[in-house]
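Starting off, we have a lone chain in the form predicted on its own, written out as structure tokens.
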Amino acid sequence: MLEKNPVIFIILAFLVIMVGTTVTMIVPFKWINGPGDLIAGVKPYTPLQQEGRDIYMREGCNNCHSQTVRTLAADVERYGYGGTYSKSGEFVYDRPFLWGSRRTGPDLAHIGLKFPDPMGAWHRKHLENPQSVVPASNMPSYAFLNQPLDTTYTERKMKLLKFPYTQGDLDEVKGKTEMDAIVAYMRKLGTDIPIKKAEAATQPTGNLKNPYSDLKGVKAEALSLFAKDCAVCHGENRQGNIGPSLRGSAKSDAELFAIISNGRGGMPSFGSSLDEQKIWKMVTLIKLGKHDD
């Protein structure tokens, strides 16, 4: 009996484990991480982004936030932000990778796609006071990152990682804060990959005429959509926050539809997540809800 001969039992157990490891972990490398997995648009980190990544790891952000969008349709819809599931080519310059497995907070692999503001206003406000943009968040404040960035080893890091840089890149880091660095890193995540375009169903048909002329009939759903997708930047009561107030607008219905569908400036596109009717309901809320509480 094997249980009476521990040496043979250990040897056989080791062989079984090695067979499983070979089949699932070693052999697949013959077909992955090859030229076909490269993504042309993925670029190395700049000195400022790399400093931000180091701060991200220093503060333990990866303990609560993963950076890998799984192939599940629900995960792609929730964390893809217009992109698809994560591919190995996205992480070619990550040393170490920060895939993680815990999602105490949302996955951040493509967070740069969700908030494309070139100034990083949302990220900055969120880091300084998370509850100001996500009231239910249990994330602590990182306002202390508004301190000078130590650039002593910046060039040495870039050389060690063999990332290209210029003197201008190094000069850009000087005078920056740790907050500037981590915001630069967050803004890059996911932005190098191709993203899907808005579905044809979200493109308005006909002459861009709003089918809703009465807010009362669509108010409940419009408020629910606003709370889910817009309140984080425009305020819970549409009073404005990072983005402008949405209590009334001088823009035409067609202009508002186009902005919501296609995005504008630092605002992401919602054309791939909201159908045409939902966008029109949002337009109606913005146009007719000026004095609505």
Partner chain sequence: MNAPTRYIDDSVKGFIIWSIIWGTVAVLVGILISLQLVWPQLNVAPYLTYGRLRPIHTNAGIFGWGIGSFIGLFFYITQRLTRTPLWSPGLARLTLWLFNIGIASAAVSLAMGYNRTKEYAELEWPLAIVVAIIWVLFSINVFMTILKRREEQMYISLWYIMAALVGVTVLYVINNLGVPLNFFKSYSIFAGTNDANVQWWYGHNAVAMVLTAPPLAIFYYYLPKVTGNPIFSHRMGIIAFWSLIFMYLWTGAHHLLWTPVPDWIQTLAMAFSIMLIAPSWGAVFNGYLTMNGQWEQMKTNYLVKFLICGITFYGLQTLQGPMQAIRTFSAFIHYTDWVPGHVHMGALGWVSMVLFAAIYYTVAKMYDTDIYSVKLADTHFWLVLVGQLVYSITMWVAGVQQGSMLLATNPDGTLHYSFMETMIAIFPYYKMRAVSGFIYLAGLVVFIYNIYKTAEKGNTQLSRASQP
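Residue numbers count along the first chain shown, from 1. Just so you know, these numbers come straight off a predicted model, no measurement behind them.
In what follows, reference is made to the form predicted together with its partner chain, a form of this protein that is not presented.
J.: Quick check for you: of 38-46, 239-247, 52-60, 252-260, which stretch puts a non-hydrogen atom within 4.5 Å of its partner chain in the predicted complex?
T.: The contacting stretch is 52-60.
J.: Would you classify residue 139 as touching its partner chain in the predicted complex, given a 4.5 Å non-hydrogen atom cut-off?
T.: Answer yes; at least one heavy atom of residue 139 falls within 4.5 Å of its partner chain in the predicted complex.
J.: Wondering, does residue 125 line up within 4.5 Å of its partner chain in the predicted complex on heavy atoms?
T.: Looking in the predicted complex, residue contacts with its partner chain do not include residue 125, since no heavy atom lies within 4.5 Å.
J.: Is residue 70 near its partner chain? Define near as a heavy atom within 4.5 Å, in the predicted complex.
T.: It does: once its partner chain is placed as it appears in the predicted complex, residue 70 has a heavy atom within 4.5 Å of it.
J.: Heavy atom to heavy atom, is residue 95 within 4.5 Å of its partner chain in the predicted complex?
T.: So residue 95 counts as contacting its partner chain.
J.: For a quick test of understanding: in the predicted complex, does each of 23, 104 and 134 have a heavy atom within 4.5 Å of its partner chain?
T.: Judged in the predicted complex, 23, 104 and 134 all sit within 4.5 Å of its partner chain.
J.: Only counting heavy atoms and a 4.5 Å limit, does any residue of 159-182 reach its partner chain in the predicted complex, and if so which ones?
T.: Read in sequence order, the residues that approach its partner chain (within 4.5 Å, in the predicted complex) are 160, 161.
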